[in-house]
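The chain below stands alone, shown as structure tokens; this is the form predicted on its own.
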Amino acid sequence: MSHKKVFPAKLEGSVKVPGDKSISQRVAMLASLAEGTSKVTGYLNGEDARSTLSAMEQMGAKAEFRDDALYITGVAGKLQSPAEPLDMGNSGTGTRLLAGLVAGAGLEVSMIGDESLSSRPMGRIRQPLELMGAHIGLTGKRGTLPMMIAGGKLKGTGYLLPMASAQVKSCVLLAGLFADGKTTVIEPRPTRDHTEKLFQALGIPIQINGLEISIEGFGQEGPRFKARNFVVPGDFSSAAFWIVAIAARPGAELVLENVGLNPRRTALLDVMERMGADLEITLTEKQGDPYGTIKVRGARLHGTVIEGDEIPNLIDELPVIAVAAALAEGKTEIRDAAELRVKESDRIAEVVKNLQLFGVEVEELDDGMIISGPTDLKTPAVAINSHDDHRIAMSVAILNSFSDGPITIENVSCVDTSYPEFWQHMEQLGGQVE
């Protein structure tokens, strides 16, 4: 059991967050399909992104880290059946997206994962993939890993997403690359569009009409496109921890450079500005997935309501937003976020429980929570278990930086899935970690 002892801290300075996990995983898949060798700068060398890259290597791609970049030699559209099950570790994104890719490519593949991933539902991708003609086998009453996929000869289809999910959308679009006919996905709300932007960058024809996204399938032969260079911006979800840590500290200041600023990912900035945060955003690159610099100055925050269409675009940031809410004046309501219950942990239950341990007044809802602040945080007398959820572990660390004493956080190796340098950066900004 790994653990960290984290002390209260006065954080400020500058830090460079690691590459975006979601983009890294998508780049690994598409560069592995390409013809030739792609150079990828900024690829996240965390466990989730590595498991996705390893899966692509099992299906014929070649990958090498060299000179601060990742070089991926693709298979020119011809994926090979892996000799062993694809071990996706803890990566729900990698699993759901890759399921679409291998179903379209006509492979018979078994996908497995760690205990946490194996408890998360996969039925949401089975329905559209089977509608297109694939056969998906899942285990357990909830439809979980291990997953068996037998694909090929898929037919394009129209699919209305029952919930706003970039993972399901991307799964269907990746399967649609190998389908006969047009595949159309209709979203109930806008979600992350990294897959669509990468298709456009690679010259894969895609039509986007509001919430309706369509591609014309290439059939069983699949798409053919040339390798290219990719730049993966810094992960906004990783930057979010430091944005909150500084925004709630009057007088503190932080600079974050080369952070991804895709509008479908940055709803946290809107929420923090509503709460009174002092933010200065400078765009460096506007094409493709934009990125730039975020300057944060600490201020007194006040509560807000977070619900509706903005939820899909800050779903990963909600645990750390709850930290800001605990320190803000008045009530903060988080609603329409039931999706949090089927992440690496039940994030609603875990956030509520952890806030209460610090003395925060919080009410648990089926789809969110109501948090009252500001709170004079008291260090819990017990260690806090992350339940192998990286965002829970990091959110608790940020929360404790405002408390009156050190705390032990158990099961923190999960942080390596998305942000291996988190503890190092905590110390770089003035924190103390043992």
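Each residue number is its position in the shown sequence, starting from 1. These figures come from a predicted structure and were not determined experimentally.
What follows is about the form predicted in complex with a small molecule, which we do not show.
- Contact with the small molecule in the model of the complex, defined as a heavy atom within 4.5 Å, holds for exactly one of Thr304, Thr184, Thr93, Asn262, namely Thr93.
- With the partner omitted from this view, the residue of Ser165, Thr157, Asn313, Ser116 that lies near the small molecule in the model of the complex is Ser165 [heavy atom within 4.5 Å].
- In the model of the complex, the small molecule sits within 4.5 Å of a heavy atom of Lys343.
- Taking non-hydrogen atoms only, Arg124 approaches the small molecule to within 4.5 angstroms in the model of the complex.
- Picking from 70-78, 165-173, 352-360, 251-259 the stretch near the small molecule in the model of the complex, with a 4.5 Å limit on heavy atoms, gives 165-173.
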